[in-house]
Structure formats: structure tokens, C-alpha cells
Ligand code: WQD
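Consider the single chain below, provided in C-alpha cells and representing the form predicted on its own.
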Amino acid sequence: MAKILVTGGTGYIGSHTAVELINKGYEVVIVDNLSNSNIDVLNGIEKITGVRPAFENIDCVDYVSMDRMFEKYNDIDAIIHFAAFKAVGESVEKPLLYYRNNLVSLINLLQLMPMHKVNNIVFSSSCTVYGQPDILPVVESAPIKPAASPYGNTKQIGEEIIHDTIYANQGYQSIILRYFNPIGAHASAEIGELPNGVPNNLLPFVTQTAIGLRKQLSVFGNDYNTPDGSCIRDYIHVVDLAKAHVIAVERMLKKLTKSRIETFNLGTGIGLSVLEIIDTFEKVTGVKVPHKIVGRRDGDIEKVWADPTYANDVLGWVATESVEETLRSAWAWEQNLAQRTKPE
């Protein structure tokens, strides 16, 4: 079976994708520098699948170490590139950190691919490339707006780098997946979202507040042009998202792609506000989430949700998990984590 390199594979989406790949019989090699993840994630992957993937503690920005990694695993068939910094607010404060990390890591991979005869790469992109769309739901052909944050800009530039590189190198192909907002955890509660330090994403902050790790949740703005004034996003179960990556890899390996670069939106097609997510979480778990309204956060888009029709039709992929079940899975993961870390 084919061997797949998963950069950022101990991270949130990467670990769930590693599970789905292994369950489909693929051999997985994970590269991660553990800057925003934990080595214990490998235990979770192994518990779920019965297989412990190969792991290399490497920063993808380190060209020499990445070159050695490709020499060690010299028969990689495809890359799924997750490794990147992803916090919108932090990117506004530390733009150069984001440009260096997110772009140099990608450039290194694209330079090393032809040297090591790797022809296929799936790129982890984002709905942030659309900025604030003129028309909702947003389709893949929607205009790419000026980025609202350095993070969003790294995804736009990353897509441009891929386009230029793939078309300059005959025989190489890429599938670009534009995520909306992944939430939830694996049904086993063995892996889930566990950022180092204070979470930047909504759901881990919701669950950490619900369990008492955080005093209260900040809702950034209630004066947006939305029904309840809070931002609207398209929240997708992380396992649904992970399965799309397996389909994308299979599509390239079986040479089913219609062009050398294909781009797909991965979302549910349903927009939910921050306050709706909090309210739904409280209803499905019976646990209150203390929260307060604070000022808007730099770089945030008012509202965005996907039109996933193209991915549904071409990839044969559909997001199947309800938001209620997704929130339950996130809460089960948080509770399991609390049990693991409870003092003896």
C-alpha cells in the first residue's frame, strides 16, 4: 500500500487524518516539530488503529532535516501538508513568524518533491482566502479577496506558489482543500483538539471553559450584521474533514484528477453563529459555558459558509455528522482528557 507523508500529523486535523489513512491501509509517516501538539497523540492514534505511525520530530522549515527525512523514507507516494501556524489573531501580532513558517515549509516541500520523486501533494488551505465573500454560500470560483489577516494571506500565497510550481513541473499534481471550521473529536475520545497554551479556536475554549479550566469564554463582537450579532461560520466535524483528505490522496494516486491542480471547499453548507454554537453545546451537554461579549478581534470575517456541491459531486464526499453530535464528541474528548490528567 502507498506511503503517505503527513506534515503536522500530531496536530488536530493531521492526527485524525492519520487515523483515517491507516484505517484505509495506508502506511503513514508523520513529521511534526510538536510546537502546537503533543507526542502523546501517537498513543491515541495507535489505540484507535492498532498501528503506531512512523514519526520524525522535524521542523518543516529545516530544509536539511527534511531532505534527510525523504532519504530515509525514500518511497513516499504523496504528501498531505498540514504543518502551519493557524491563529488569525496571533498572525496579526506576529506576521513575520507566520510568513516564515507557513511559506518556507511549503517551499521546502515543493523543492524536495522532484528530488525525491514525490509527485502528489494535498494542501491544507482555508476559507480565509475568500475574505468576506460578496455572495453566500461561497463557491470555489468566488473571487479571492485581499486577506483580512497574515494567516489568511499565507494561505493565498501558498496556493499561488503551488499553482506556479505544479505548472512548471510536468507530472506533478496537487489538490487544494479549503477548510471551513473544523470542530469535534474522534468518536473514541482518544484524540481531539488540544492546542498548547490558551486556545485560539472556539471549540477548545468552549470545552475548557465548560470543564472549569478557563474562567469564561470571550465572544469577539456582538455588533456584526448577523441575526444575533456574533460571527457566523461553517462548522464541520474533523473526522468528516479527515476523510476528504483520504479521498483526495486516492484521487491523485489513481490518476482520476481532471487537471493538475484541483480545489475544493470542505464545509457543511450551514452557517452557525458563535452564540448559536455556545447555546447548542449547552443544550446537548447540559453544561453551562460562562461567556462575555468583548470587542471585535482583528482579522475576523463577519460571516462565511460553504457551498460544498463541487466536493460532493466530484469527490463523492459529503459531511455527514450533525453539529449536535460533533459538539458531543468534543465534550467527550475534553472529559476523557480531564480523567487522564487528574492527579492520583
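In this text, rigid core is short for the largest set of C-alphas that superpose within 1.5 Å between two forms. Values in this document were obtained by computation on a predicted structure and should not be read as measured data. Residue numbers here begin at 1 and follow the sequence given.
Heads up, the form predicted together with the named molecule isn't pictured, but that's what we're talking about next.
Although the partner is absent here, Asp300 is a contact residue: one of its heavy atoms lies within 4.5 angstroms of the named molecule in the predicted complex.
At the 4.5 Å threshold, heavy atoms of Tyr130 stay clear of the named molecule in the predicted complex, well away from it. Under a 4.5 angstroms non-hydrogen atom cutoff, the named molecule in the predicted complex has Ser218 among its neighbouring residues. In the predicted complex, the named molecule sits within 4.5 Å of a heavy atom of Arg233. Here is the short version: of Asn200, Gln208, Asn222, Asn153, the single residue with a heavy atom within 4.5 Å of the named molecule in the predicted complex is Asn200. Only one of the listed residues (Thr165, Ser126, Gln173, Thr263) places a non-hydrogen atom within 4.5 angstroms of the named molecule in the predicted complex, and that residue is Ser126. Contact with the named molecule in the predicted complex, judged as any non-hydrogen atom within 4.5 angstroms, is confined among 225 to 233, 130 to 138, 165 to 173, 255 to 263 to 225 to 233. Residue Val88 is the only member of 68 to 88 with a non-hydrogen atom no more than 4.5 angstroms from the named molecule in the predicted complex. Core-superposed comparison between this form and the one not shown: the C-alpha position of Gly229 differs by no less than 2 Å. In a rigid-core overlay of the protein, Pro53 has its C-alpha displaced by under 2 Å between this form and the one not shown. Relative to the superposed core, Gly316 undergoes a Cα shift smaller than 2 Å between this form and the one not shown.
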